[in-house]
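The data below hold one chain only, encoded as structure tokens and taken in the form predicted on its own.
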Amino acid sequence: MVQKEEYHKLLKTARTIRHSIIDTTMKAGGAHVGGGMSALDMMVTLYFKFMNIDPANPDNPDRDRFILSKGHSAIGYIPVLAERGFFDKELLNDFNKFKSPFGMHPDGNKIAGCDASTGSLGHGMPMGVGMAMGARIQKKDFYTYVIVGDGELNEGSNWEAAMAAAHHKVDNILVFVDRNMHMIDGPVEEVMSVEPLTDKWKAFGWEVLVIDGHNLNEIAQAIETAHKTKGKPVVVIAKTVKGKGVDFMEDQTKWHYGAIDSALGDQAHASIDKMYSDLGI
């Protein structure tokens, strides 16, 4: 669980980053903002509470690993790394521009703190399982975290990785499914249904947790449970809202990718402020 003071600090951090996502999207001329917002609270909880990382030494071989498999949501991930101190936040002003290290998908060769280049969906879980097994072979105790999109589960490579992780009893990996119910072509259950999702993961040999993906306490409790689970991998199905925090984006497929002008930017910032004000922040 998250103590009250820490809980408020995490909420304030998430609020700051949501504003940063809007500003960065405006300057970039567009981004995959909906999915960035839905995955944000998981990334904030990981990066600002749990992960063993050091921005001053981003290549420390003993660091925890993180893979944003749904790499198109880099608009949410890159501001998290900036806020955590891996690089100057001013660099966000050039997001997706010529010579910027930041594109619409994260590049592990260019971005401090980024453990994997992602964007081709279905690759993050296999890489994550490999990293986790590598830690065991090297007798290192770092943990690997992966966030996949629910629409991304249409990719069969995820399920091959799931089988391998269960077969080899890989218990130093935690996979979050960002279950925001939307993908680029429409609602996930209309494009290609992934239900019954909990039963699928259980059948593949995983310990399954289902949470509210915007509730920091539930996210933290899930991570703590995963750390205590031995002999099998853990997946957290996080029920989220596409575009969370921006009222006109929430639960809207059309905001999988979108551009924001100054008027919409003002509306988005006001909506974010209202949400956190209602939470007492």
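Model, not experiment: these values are computed from the prediction. All residue numbers are counted from 1 along the displayed sequence.
Heads up, the form predicted in complex with a small molecule isn't pictured, but that's what we're talking about next.
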{"item": "All of Ser120, Asp178 and His256 within 4.5 Å of the small molecule in the predicted bound form, heavy atom check", "value": "yes"}
{"item": "4.5 angstroms heavy atom contact with the small molecule in the predicted bound form for Met192", "value": "no"}
{"item": "is_contact(Asp115, the small molecule) in the predicted bound form, heavy atom dist at most 4.5 Å", "value": "no"}
{"item": "Residue contact check: His72 to the small molecule in the predicted bound form, 4.5 Å heavy atom", "value": "yes"}
{"item": "Any non-hydrogen atom of Leu81 within 4.5 angstroms of the small molecule in the predicted bound form", "value": "no"}
{"item": "Interface segment, criterion being heavy atoms within 4.5 Å of the small molecule in the predicted bound form, picked from 131-139, 164-172, 207-215, 181-189", "value": "181-189"}
